[in-house]
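Taking the form predicted alone, here's one chain by itself in structure tokens.
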């Protein structure tokens, strides 16, 4: 049981790159089997023709995250019900790159695509948290002056705000920005500072990115539920990534 829980904790760190939501939350993980030190993970996607490059990224990340467990010696990833499942499963198991797996289709590797969608995720998580702060009564100037410590000491944080802050701080860490108490809480993905004059335009741009990701998320979730007859997420689960109230 402990090993299975450890595997699922690792799988919870694997996101659909287009949606910035974990595969466990989206219920894309279909089955996990453990045989001694070998782990097999099967997963499935909303449609038969979901983007091949995103499917490949998710398969790679499943393999790499589960392989981080010290007792795991082999990880087999099985994408199911997908038009390129055979190629992706063989490519990921053989540790081939995307280009090596699809030499007649791929124009290059996926690192640039990965980085592009992580930047979108940064904007989306940051904008959700900022909208929460605005709804809680903070002015733009006060938000821009917040430090990490100041953010953690805000008196009005409830469960929703805590979840949004944790997700934002996690992606700051991922971008190498650190979360030291004295650091400015809200900066751009490249580490540069925000200024009061351009802040409204910056927020509007970030909001468009967030809305686009949420629209895609709702669309994909509906397709997946229809395809496999799964239940919608609970209100609190949805709150972890959605902020439909912040419009």
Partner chain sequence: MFKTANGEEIFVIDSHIALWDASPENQLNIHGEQFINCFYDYHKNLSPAQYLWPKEKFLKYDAETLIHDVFTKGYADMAIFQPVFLTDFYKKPFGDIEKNAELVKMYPGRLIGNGSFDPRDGEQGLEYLEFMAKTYGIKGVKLYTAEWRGSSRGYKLTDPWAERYLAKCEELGIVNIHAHKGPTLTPLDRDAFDVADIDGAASNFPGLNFIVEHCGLPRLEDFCWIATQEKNVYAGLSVAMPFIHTRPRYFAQIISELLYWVGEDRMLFGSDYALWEPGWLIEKFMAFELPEDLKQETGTDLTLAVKRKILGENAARLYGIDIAAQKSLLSQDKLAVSR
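Residue numbers count along the first chain shown, from 1. Just so it is clear, the structure is predicted and the values come from calculations on it, not from any experiment.
Another form, the form predicted together with the partner chain, is not on view; read the next lines as being about it.
Taking the shortest heavy atom distance, is residue 118 within 4.5 Å of the partner chain in the predicted complex? The answer is no: residue 118 has no heavy atom within 4.5 Å of the partner chain.
Taking heavy atoms and a 4.5 Å cut-off, does residue 139 contact the partner chain in the predicted complex? Outside the cut-off, so no.
At 4.5 Å between heavy atoms, is residue 230 in contact with the partner chain in the predicted complex? Residue 230: no, not in contact with the partner chain in the predicted complex.
Hey, in the predicted complex, does residue 214 get a heavy atom within 4.5 angstroms of the partner chain? Looking in the predicted complex, residue contacts with the partner chain include residue 214, since a heavy atom lies within 4.5 Å.
So which stretch, 66-74, 36-44, 175-183, 197-205, is the one near the partner chain in the predicted complex (non-hydrogen atoms, 4.5 Å)? Going by heavy atoms within 4.5 Å, the stretch is 197-205.
Is every one of 25, 122 and 191 in contact with the partner chain in the predicted complex, taking contact as a heavy atom within 4.5 Å? No residue of the spot touches the partner chain in the predicted complex.
Just one of 112, 166, 158, 90 has a heavy atom within 4.5 angstroms of the partner chain in the predicted complex, so which one? Partner contact (heavy atom, 4.5 Å) among the options: 112.
Partner contacts in the predicted complex for 48-87 (non-hydrogen atom within 4.5 angstroms of the partner chain): The stretch 48-87, when checked against the partner chain in the predicted complex, contributes 48, 49, 51, 52, 53, 54, 83 at the 4.5 Å heavy-atom cut-off.
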